[in-house]
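So this first bit is one chain, no partners, the form predicted on its own, shown in structure tokens.
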């Protein structure tokens, strides 16, 4: 029998656990709600945008709606496809009229847990992030005013805005609904998670050896740490000696020390999200491993953590095997 996630969400709403923490002023106060994807997962959300099954369903409809774009052909799901762990498999995404986006599309799985968004790490909430692709002339090429003119003619959307938010369909409703759907996309039940939870038989010898290489020999966990295998830092991994037209976070603040720096990506589902790097310039995991083994390109801002190392072919295969054990799309719906 197929698992009905929506009904399960409704049943779990009564299990709400109140939780507050002290956050910097620019971040929202967070609370948590239990979701099942599978198993009980505490998912954080802003206090002013409670996570509910109805809101998630509304946000899903908007996420797949191409009317968010100027030409009514590009939806959020165009660049964040469920079958590709919410990436699109392209070097850089294709937007309205076939235009090429500025950067590679990152996965949205587990975005509820991210500390910041976009490769520059300058966007602090999912609600704010929703606006970026809608207004980007290379992606959806629209504006919230234009989107509302179209969607306000949709009687179902107007009804949902009233019933869920008690207000007319507006930018507040659209950003809160879509971000709620994105928060429901959980990936925390990979074979590696089950291994760490005590199911020792779920990983084979090569995958276990790869984990030991990753964590004990190469110390990849210096950057790729925590539940989502990222420390969320914005650094340079020495991808280039000259970053050309995309100087990373430097374009936000104009600080020389931030030239060529980008947010450290999480590694969950990484075997499904090729090509890699902010510009999609590396096609395979093996090529990524080789890049790091060479210590990256010479670059003034390169992180001191990036240093050359040696692996034989067996060890490279073992490392790839471990990374493949981080796949979990059970929460995709």
Ligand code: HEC
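Not measured: the values here are computed from a predicted model. Numbering follows the first chain given and starts at 1.
From this point on, the text means the form predicted in complex with the named molecule, which you will not see here.
K.L.:
Let me know the one among 142, 237, 187, 180 whose heavy atoms come within 4.5 Å of the named molecule in the predicted bound form, would you?
P.N.:
Of the listed residues, the single hit is 237.
K.L.:
Could you check which residue among 114, 165, 195, 211 gets a heavy atom within 4.5 Å of the named molecule in the predicted bound form?
P.N.:
Of the candidates 114, 165, 195, 211, 114 is the one lying within 4.5 Å of the named molecule in the predicted bound form.
K.L.:
Using a 4.5 Å heavy atom cut-off, which of 187-195, 123-131, 201-209, 157-165 contacts the named molecule in the predicted bound form?
P.N.:
Going through the listed ranges, the match is 123-131.
K.L.:
Could you confirm whether residue 68 comes within 4.5 Å of the named molecule in the predicted bound form, counting heavy atoms only?
P.N.:
Yes, residue 68 sits close enough to the named molecule in the predicted bound form that at least one of its heavy atoms falls within 4.5 Å.
K.L.:
Evaluate residue 250 for contact with the named molecule in the predicted bound form, applying a 4.5 angstroms cut-off between non-hydrogen atoms, and reply yes or no.
P.N.:
It does not: once the named molecule is placed as it appears in the predicted bound form, residue 250 has no heavy atom within 4.5 Å of it.
K.L.:
Please run the contact check for residue 176 against the named molecule in the predicted bound form: heavy atoms, 4.5 angstroms, yes or no?
P.N.:
Heavy-atom contact with the named molecule at 4.5 Å: absent for residue 176.
K.L.:
Though only this chain appears here, would residue 220 touch the named molecule in the predicted bound form if you measure heavy atom gaps against 4.5 Å?
P.N.:
Residue-level check for residue 220: yes, a contact with the named molecule.
K.L.:
Relative to the named molecule in the predicted bound form, which residues of 62-82 have a heavy atom no more than 4.5 Å away?
P.N.:
The stretch touches the partner through 63, 68, 74, 75, 76, 79, 80.
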